[in-house]
Every structure is written in structure tokens, then in C-alpha cells.
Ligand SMILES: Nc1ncnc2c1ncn2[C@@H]1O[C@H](COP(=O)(O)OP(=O)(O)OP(=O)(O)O)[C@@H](O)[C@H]1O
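Shown next as C-alpha cells: one chain only, the form predicted alone.
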């Protein structure tokens, strides 16, 4: 392992092993193992109190672990001082020096290190964030989005091995936040530095990250690509927190080839065995949760009750509410069996909206559904206050 004094020269994967942080009787991070490949864009996603910010602070050296280790490449940085680590952090509040112009804000760290190539590096960093034309302005003369990009330039100008982003877009309005998501991804791709983005915003995580780890109560519930997590959640918490899901209690009635057969009060369903979450028992008689995303469901006016559509599972019910959002209309449908199912229908034709009280049939392809453990709370992760930092 490298000595602490050598740490600023290292690079490599970020490896977290059995990392634990307790505050008295409360365990904020619980025996966490994690490997973040060098040069990747990684997101820690979760609600308030899940442990994501505490994890970031331990990597930054702002919190000392109760147990476990943190390494970058071959260098153990578990107990290194923050300034000895090849790590920089971009915060939500930017933390720019108001009395210095933009050039000097970006140059600050380089001057402290007595870098001999300050001018070139500052101008390259400002060019990267496309703000070289404001280098002689003060932070107060810039917009929130510009200030965030300057904070990013200052953080990457000395090329840390790992850049930590702590809810960096939280103070921006929706339109600017979406623009900055694309900018952050572009910048990370150009500089090749490992980015670790801590956020409660599912859209941010899915838009930018190569890999997303969903945290809950100090542990990682599931980790993978945004597509894998969204299409194949392993738990009710992940299914509900990463987007929206309908999770319907059902009973396994048997099998038909590669499909699991199920039933509930609304009728019979089938789901491919490949869509069963790891470790879930789908033996006959087992209680499970059948999940399907709202946008995967086809809604049509109910004309003849009981006729099974050719394209998959179906239920019948009545529109309880309809919310027009422009791109789509979001429905809640009360089924005859007593469930309430959310449905998102793209607005392809003017005026094609079902009014409350309309009888409809909802259907979905069997391959769009997934099966989770029936002992889980179907509302886990759905009703969380995820706006505050943990």
C-alpha cells in the first residue's frame, strides 16, 4: 500500500470493503462492499437517511469509518486526511469564493500546490466547461448553472482520481438541471475521471450514470446499469423508488413451459421464469408480487367483457382518475378484483382521453412483467420523503 503522503499521486479503482459507520446506536452505513471502476460514472441513489451521503463523506475523509477500508488503486486512504486524498468534491452550494474572480477561483488549488502551469490548466478547465469568456467576472455575476460549472472546473483542474458530486444539481430549476445532466456526462467522458454522484433524483442517476447503486437503510439493495435496474428490479423498494411500479399480490398456480402461471382476484396471468427476481420461490401455492410498469400497460375501451386480448395478460376495471400531463395521460384504474393500477398512456391523438368512470381493459405483454417476493411490502420505497440530504 502507498503511504498517506503519496496518495495524491495514485489512481485506479475505488474499492470499499466492509465499510461501516455508526453514530451511537444508529448504523448509517452497514458493512458496505463496493468497487467503482476507474473512469466510470457511478451513482449512489437513495432517499434521505439511506447512508449515501455518509458514504461519500467517508470517501472524502470528512467522516471516519467505524470499521472497514477505502482504497484507490493500491493506496489505502481509509484514515488519510482529506487533503492527502486524490479526491475532490462538488457540493450543492458551489462553495465558490465570492471575492475572487472566476480565474482565481479555479486557480486556487493549483496555487496552493505551487503548480508551475497554472495559466494553461485554468484555461483548459474553463474551456472544458465552456466558460472561458467569464474568467474575470465574480461568482455573483453568474447564473446558478454557470456557478455550478465553475465549481466543477475548480474540482477537476488538478485531475483528482475520484470526483465526488454531492447532490450537485439540487439548487437548479428543472430545465437547467436537465441541461446540466447532459453537460456533466459530456465532461466526465472527456476528462475520464471517476465520478461518484450522490443523489435522491432517479432521473439524474439514470440519465448520467454507467452504474447505479440503490441504497436503503445503510445497504445496497441492488446495483447495475440503469436499464437493468429499471426493467428487472430485485426488490419492491427498487421497483418503487426507481420510477413507478404496479405490484399486485398473486398466487403461483403452476407452470407452462418457461412461464410461471399465477392468479389473483382479477384472473390469471403468466410471467416468464426469466423475469423472476433472484431467490424468489415460485413453487405452486407460493404468494408473490407481480410487477408491471405503468407505461408498459395498454389501455382500451371495454366493449366486450371477458374476451382475452391476443397480446398478453389483462384485467378489467373503471377509470378512477385521469391526469393530463402533455406528453402522456396518467390514469388510476380500479379493477374488478379490488386493485388500483397506474397506467401511463402516450398522447398520440388529440382528445383521446378516457374520462373517470369509463370501463376499460388493461393488458400487457407477459415479458414486461416481473415477479418479486410476496413477503415484501408492495409500497416499500413508494412513499418516501426523498428531498432532504441524509
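Numbering follows the first chain given and starts at 1. Take the two forms, superpose them, and find the largest set of C-alpha atoms that agree within 1.5 Å; that set is the rigid core. It should be emphasised that the depicted structure is a prediction, and the values quoted were computed from it without experimental measurement.
Keep in mind that the form predicted together with the named molecule is missing from the display, and what follows is about it.
Residues of just one listed stretch (64 to 72, 48 to 56, 326 to 334, 355 to 363) have heavy atoms within 4.5 Å of the named molecule in the model of the complex: 48 to 56. In the model of the complex, the named molecule sits within 4.5 Å of a heavy atom of residue 92. Although the partner is absent here, residue 149 sits far enough away that none of its heavy atoms falls within 4.5 Å of the named molecule in the model of the complex. Using a 4.5 angstroms limit between non-hydrogen atoms, residue 200 touches the named molecule in the model of the complex. Although the partner is absent here, residue 28 sits close enough that one of its heavy atoms falls within 4.5 Å of the named molecule in the model of the complex. Interface residue among 183, 76, 167, 204, judged by heavy atoms within 4.5 Å of the named molecule in the model of the complex: 167. Contacts between 93 to 112 and the named molecule, taken as any heavy atom within 4.5 Å in the model of the complex, involve no residue at all. Core-superposed comparison between this form and the one not shown: the C-alpha position of residue 63 differs by no less than 2 Å.
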